[in-house]
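As a starting point, one isolated chain is supplied in structure tokens, in the form predicted alone.
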């Protein structure tokens, strides 16, 4: 059912109708479209545009149609152009021509953007909740491994010893920022565009604030042109999801490396692995690899929308139909990916002996020599050079730093005394990093406790927001 056409003498060409049709993907907005139409109806009745009795008939029809959408009894057909035309067709079929009165003072331009915001609020909160589940899984693993000393890496080369719980906790920190971004997104974007009409506002809807309040928005956007043409909220949501995807990709990359025969740091549970169709022995970290691979898709969806938005003039342009598919795809990708990745992390078994065995290798304790000298007021440039000389001597002699004799140390720098050996252990190196962000066991234990508190707080505000918007999400 077309929502326009009175001034046209011909129907759109079949190719045009096929190009314009969006109902196959924007049907996801149907429950939100019902709710927005109910809020719009209240405004029309309050303004006297629709008589109270007719309003009750339309309201009952919309609610009945909403229930049928949820159960699948009502859906779109081959003749519907978009979700809005499908719902108007269903409403008129159910209650007669009076259903067409609902279109007064409302455009698809303000209707669709309001639907879209409600969809994103709903689904970003779901993504936030799933992300906190993954954070909680990392918190548990970090706490278990808080006393395991591991080699730290930069440039994929051994750097300095660290507590392995510290390594895992970095993922909790990054993921918490993603959750925070979702909260910030809601604060910034929870303003209603309904009442903007096509672009100029509506003389039939004089009180958009009432509609905004009934839908759970914090207020109304200030400019009707901006309201129908703005998709900052969608681009920002795609950025949040792309950034989350990048963090998930880092997790996937590490678990892929750690599960190799060469590393042998982690055993991924069979339930989160797959096999080979030709090699019976294979156990592949496909969940980790898919987490890594999906990031490209999430980044691509953000790029696609930004490219669409970059040159749009004035108010609404049909290009904005292209905002939904990348957004739906990113949402649905994360809703599938996050639970699988959480399960992989929860069930992972870490080989702590293997992790710790090589914590000292690669001359990872060289910084301890430089720090030792710096504490004796040796300029760090000179201390760094002396530590490098120690490494050079060990390489040529085929020994480790702790195996240097006092005579060898003294030959390199007179301030390198025998008590240096106390610091040339992985335990000593880790224990010395006692600052709040350091890798000592005490620091990391405190960090994990704070992470657990922050995760609980995040779960709390997400639950509160879900409760706040729950009445808005269903008619």
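Positions refer to the first chain, counted from 1. All figures in this text were calculated on a predicted structure; none of them were measured in a lab.
Although not depicted, the form predicted in complex with arginine (ARG) is the subject of the following passage.
- Residue in contact with arginine (ARG) in the predicted complex (any heavy atom within 4.5 Å), chosen from 316, 350, 363, 255: 316.
- Only one of 324, 247, 181, 123 comes within 4.5 Å of arginine (ARG) in the predicted complex through a heavy atom, and that residue is 324.
- At a distance threshold of 4.5 angstroms between non-hydrogen atoms, residue 109 is in contact with arginine (ARG) in the predicted complex.
- By the criterion of a heavy atom within 4.5 Å, residue 166 is excluded from the residues contacting arginine (ARG) in the predicted complex.
- Proximity of residue 455 to arginine (ARG) in the predicted complex: non-hydrogen atoms within 4.5 Å are absent; the residue sits far from the partner.
- In the predicted complex, none of the heavy atoms of residue 33 sits within 4.5 Å of a heavy atom of arginine (ARG).
- Only one listed stretch (427-435, 61-69, 22-30, 406-414) carries heavy atoms within 4.5 Å of arginine (ARG) in the predicted complex, and that stretch is 22-30.
- Along 62-84, these residues reach a heavy atom to within 4.5 Å of arginine (ARG) in the predicted complex: 82, 84.
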